[in-house]
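Have a look below at one chain only, the form predicted alone, in structure tokens format.
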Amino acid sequence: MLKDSIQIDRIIKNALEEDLGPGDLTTDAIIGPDIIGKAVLEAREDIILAGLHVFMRVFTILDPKVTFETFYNDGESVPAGKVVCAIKGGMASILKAERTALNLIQRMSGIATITSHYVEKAASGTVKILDTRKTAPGLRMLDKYAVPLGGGYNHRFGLYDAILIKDNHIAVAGGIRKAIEAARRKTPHGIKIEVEVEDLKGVNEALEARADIILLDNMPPDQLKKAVKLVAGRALLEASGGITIENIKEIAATGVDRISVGALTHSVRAMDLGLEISRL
């Protein structure tokens, strides 16, 4: 469950303001405030559900009197044609909230669903499939919430909660060892240090500098296997870059501990969920 209700409400209110502005010209002109309606949220394709409580919160922010009956929970598989929840309330409120609510749940369910496909395709009970920071601006909390619902894991949430030394940091610091040593001097106890490398020479340098996690950037499977043998459990190994649904099984079979996949969030396809609305 998403715990930061204040931030969730902020996300939703910003989205509603973006869509509604000073008011819904169409609905306000046609639908009276006393008309009561109902709606059903239906999955129009097979999905892993994510963001149902966010979806419902869009409506209750506009109108606290809107009520719901839910038939599925986040993280559950919903077959095409099944009703996820039923809504009852002021017709004007339902119409005004419809697009924003759908945008959020469609995206979140898309992330959970594609994550489940990557996890299933990897066919490994040991490797962890991780997300990245390649999320929609302003929606990171929601994007990253959806990933574990599909069986994946969260990487760092932002620049503030983990050390990840990338190629540009290394270039400025003057090398892998110097970058790791500088990071270690200023890193609070308990924070692991991860470093990105591009070849086996970089793997050796990272090991010598006692990196906790080594990110193997765009390495082909044969190089990944060599890195796994070289490291021999002395650090966690993360494969990243160029990971697709087509090659993830081969990548997972190399023996790496983690695989980070930007595609889980950066270019996700929204799932097809629709709202059927009628007057009572």
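The term rigid core refers to the most C-alpha atoms you can superpose between the two forms while keeping them within 1.5 Å. Quick note: we count residues from 1 along the sequence shown, nothing fancier. These figures come from a predicted structure and were not determined experimentally.
Same protein, other form: the form predicted in complex with another copy of the chain, not shown, and the subject of what follows.
Listed stretches are 66 to 74, 247 to 255, 29 to 37, 221 to 229; the contact stretch with another copy of the chain in the predicted bound form is 29 to 37, by a heavy atom cutoff of 4.5 Å.
Shown without its partner, this chain lists 85, 119, 207, 95 as candidates; in the predicted bound form, only 95 has a non-hydrogen atom within 4.5 angstroms of another copy of the chain. Using a 4.5 angstroms limit between non-hydrogen atoms, residue 190 touches another copy of the chain in the predicted bound form.
Another copy of the chain in the predicted bound form comes within 4.5 Å of a heavy atom belonging to residue 158.
Contact check for residue 200: every heavy atom lies farther than 4.5 Å from another copy of the chain in the predicted bound form. Proximity of residue 261 to another copy of the chain in the predicted bound form: non-hydrogen atoms within 4.5 Å are absent; the residue sits far from the partner. Annotation for 8 to 27: interface residues with another copy of the chain in the predicted bound form are 10, 13, 14, 15, 16, 17, 18, 19, 20, 21, 22, 23, 24, 25, 26, 27 [heavy atom within 4.5 Å]. Core-superposed comparison between the shown form and the other one: the Cα of residue 188 travels 2 Å or more.
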